[in-house]
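Single chain ahead, by itself, as structure tokens, in the form predicted alone.
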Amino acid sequence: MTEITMTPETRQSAHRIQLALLSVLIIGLVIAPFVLYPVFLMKVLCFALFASAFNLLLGFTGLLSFGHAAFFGGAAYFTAHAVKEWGFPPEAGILLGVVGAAFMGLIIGFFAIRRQGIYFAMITLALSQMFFFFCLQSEFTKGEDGLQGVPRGHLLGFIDLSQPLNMYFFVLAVFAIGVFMVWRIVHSPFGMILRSIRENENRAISLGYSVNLYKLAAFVMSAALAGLAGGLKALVFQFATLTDVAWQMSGEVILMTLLGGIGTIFGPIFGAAFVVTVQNYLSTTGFPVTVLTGLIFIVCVLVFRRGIVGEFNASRLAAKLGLRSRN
């Protein structure tokens, strides 16, 4: 397969297009709650942020984690417990969830980054399952009952988040901040080093970079952003359950990212929106959701190996470079 190399001019043009598309996306999301069901939109935003956080690790660092549900669900439990049991305001509860997820990411990442490939993935899965069984038996999480009836509270003391539109725009603001953070990390010098590690780790080591420290930093950042999504999800649905920390949740976020396109900014967002929409539609029918998602994954692997957004970007770039070479 021919490798497509981006010139600095082409890369800057791609960045401008990404910012323009992100602006259009945000405008559309501002209008959306007046047309669509706000709770459905909030679910899409939470999972889109979760997939973007996972993509930071897989798409831009080249590390496949099977344990990201631990950070998503762990933060959901931390936020729900802090808000319900300790009376924290929603912003403090989410912050606690992010800090807790980052700390878990530091511990799991410390052990996982010592291995590569499938061994890295299996270590993250094993440690995530250990956390799942802790949640299953712990009084902190209420076991199989989960934490239910979590109050949304008042943002900054005066914005009532029990109102659907107030909650939606709060989720939208956090989503926009989270996606911007991913974009800023990816297009920073730190992000360029992550890409070099993904492309050729041995060469990055030969250039003098402490590869393990960069991997660990990326792992913690990804875990913290996944925790931000999990904390939001706990407030949106007002509960945290074992489903949030189960290995199936890790599988779902992998599917979302691969379907949309790894290594792209908009791919995980598109993938999450597509999967959540399909699940929401099929929930009212008798058709098994897992069968359809499996079929979608197979088609994506066979036809859209870069993901839907990834294939679109690649074809657009190839057409632009072909036109330039003819001129």
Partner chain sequence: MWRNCPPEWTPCTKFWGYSAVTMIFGIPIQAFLGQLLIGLINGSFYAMLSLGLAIIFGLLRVINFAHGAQYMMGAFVGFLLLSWIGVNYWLALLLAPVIVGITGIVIERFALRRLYNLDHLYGLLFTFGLALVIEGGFRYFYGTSGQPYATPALLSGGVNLGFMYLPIYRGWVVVASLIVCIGTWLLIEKTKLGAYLRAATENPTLVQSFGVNVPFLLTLTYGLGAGLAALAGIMAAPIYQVSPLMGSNLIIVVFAIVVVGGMGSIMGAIVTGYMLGILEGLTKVFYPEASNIVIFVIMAIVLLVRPAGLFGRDA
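Here, rigid core means the biggest group of C-alpha atoms that superpose within 1.5 Å across both forms. Positions refer to the first chain, counted from 1. Keep in mind that what you see is a predicted model, and the values were worked out from it rather than measured.
Beyond the structure shown, there is the form predicted in complex with its partner chain, which is absent from this document and is the topic of what follows.
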Original post:
Here the chain is shown alone; which of 148, 162, 243, 137 has a heavy atom within 4.5 Å of its partner chain in the model of the complex?
Top reply: 137
**OP:** Would you kindly say which of 64, 26, 32, 282 lies with a heavy atom within 4.5 Å of its partner chain in the model of the complex?
**Re:** 64
Original post:
Just to confirm, residue 125 within 4.5 Å of its partner chain in the model of the complex by heavy atoms?
Top reply: yes
**OP:** Check whether residue 94 has any heavy atom within 4.5 Å of a heavy atom of its partner chain in the model of the complex, and answer yes or no.
**Re:** no
**OP:** Would you please decide whether residue 290 lies within 4.5 angstroms of its partner chain in the model of the complex, comparing each non-hydrogen atom pair?
**Re:** yes
Subject >> Interface membership of residue 86, its partner chain in the model of the complex, 4.5 Å heavy atom rule >> reply: no
Original post:
Check 129, 254 and 302: does every one of them have a heavy atom within 4.5 Å of its partner chain in the model of the complex?
Top reply: yes
**OP:** Go through 235 to 243, 104 to 112, 70 to 78, 151 to 159 and give me the stretch that gets within 4.5 Å of its partner chain in the model of the complex, heavy atoms only.
**Re:** 104 to 112
Original post:
Cα of residue 299 displaced 2 Å or more between the shown form and the other one, core superposed?
Top reply: yes
